[in-house]
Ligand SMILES: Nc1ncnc2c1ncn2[C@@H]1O[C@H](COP(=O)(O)OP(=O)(O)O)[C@@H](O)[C@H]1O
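One chain follows as C-alpha cells, the form predicted on its own.
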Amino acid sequence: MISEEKVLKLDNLFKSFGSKVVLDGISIDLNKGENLVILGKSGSGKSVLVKCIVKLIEPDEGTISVLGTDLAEANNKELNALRIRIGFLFQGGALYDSMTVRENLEFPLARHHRKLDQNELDSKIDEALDNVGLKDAADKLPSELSGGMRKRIGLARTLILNPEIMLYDEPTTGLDPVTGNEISELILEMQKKYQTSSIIITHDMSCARLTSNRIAMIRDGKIYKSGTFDELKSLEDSWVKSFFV
C-alpha cells in the first residue's frame, strides 16, 4: 500500500565532476511503499543520484532528507544508523567469494544484531533464502551459482536486515530475459511482503514495466518526464519514445 508519507526527498541537487555536470538541479520524492524507477541513458547520472542518497557521494548543492534525517546535518553515528535502514543491491550482488551463501547472509546479521544466538541467526537466514527460492544453496560458494542466483542471494542478504528503503542499481543487467523477469517479479514480491519503498535504477524496459509504480526519466542531469509506464509510453515525445520501441 503506497501512502502519501515521504520517506525520501531530494531537493535541487547539483553534482559536477570537473567540467562535467552530472546532476543539474534534480528534485524528486519517494513515497512510503512505492517503487520508483529512475530511467535514463548510460552516463545520465542515475547511479550518482543513488550514491548521493547513501552519502557515498556528496552533492555540490541541494538537500537530501532520508527517513526524516537531513544527510548534511547527520553525524557519523546517525549516518551509520540510517544506512542500516537502507538496503543497496549492487549490480554484481557484491557477495564475498570466500564465504558460503550462509556465511554471506550471517555476516550482516552478526555485525548489526549481536544479541542473536545461533538458532535465531539460522532461522533468519533460512527465511531469507526461502524468500528468494534458494534454500538449497546455503552451503554453496558464490562461484558455484549462476548470475541470477547470485543476484537473488545478494537480495536476500540485503533484505535480511529488514530495510525500510531499497536501492536497486541495474538489478537485471547481465541476465537473460527470463531470469531478468524473475528478478523483477521478486522485487515486486518483496515490496508486498515487507512494504519496502524502493528506487530502481535501470535501462531495462521490461524491468521498468514490471516493477514501477512511477517512473522518473533523467536527461542531461535533469528530471525530463515522470509518470506511470503507460502514461510515458503514450507521450508524443521522440526522446521518450526511443525507450519504448
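The structure displayed is predicted, hence computed values, not measured ones. Start at 1 and count along the sequence shown; that's the residue number.
The discussion below concerns the form predicted in complex with the named molecule, not included here.
A.B. asks: Determine whether any heavy atom of Gly68 comes within 4.5 Å of a heavy atom of the named molecule in the predicted bound form, and answer yes or no.
C.D. replies: Because no heavy atom of Gly68 falls inside 4.5 Å of the named molecule in the predicted bound form, the answer is no.
A.B. asks: Decide whether Arg209 counts as a contact residue for the named molecule in the predicted bound form under a heavy atom distance cut-off of 4.5 Å.
C.D. replies: Taking the distances in the predicted bound form, the answer for Arg209 is no, it never comes within 4.5 Å of the named molecule.
A.B. asks: Decide whether Thr179 counts as a contact residue for the named molecule in the predicted bound form under a heavy atom distance cut-off of 4.5 Å.
C.D. replies: Contact with the named molecule, no.
A.B. asks: Can you tell me if Met190 lies within 4.5 angstroms of the named molecule in the predicted bound form, counting non-hydrogen atoms only?
C.D. replies: Judged by the heavy-atom cut-off of 4.5 Å, Met190 is well away from the named molecule in the predicted bound form.
A.B. asks: If we take heavy atoms and a 4.5 Å cut-off, which stretch out of 28 to 36, 179 to 187, 192 to 200, 45 to 53 is in contact with the named molecule in the predicted bound form?
C.D. replies: Selected stretch: 45 to 53.
A.B. asks: In the predicted bound form, do Phe17, Lys20 and Lys41 all put a heavy atom within 4.5 Å of the named molecule?
C.D. replies: Each of the three qualifies.
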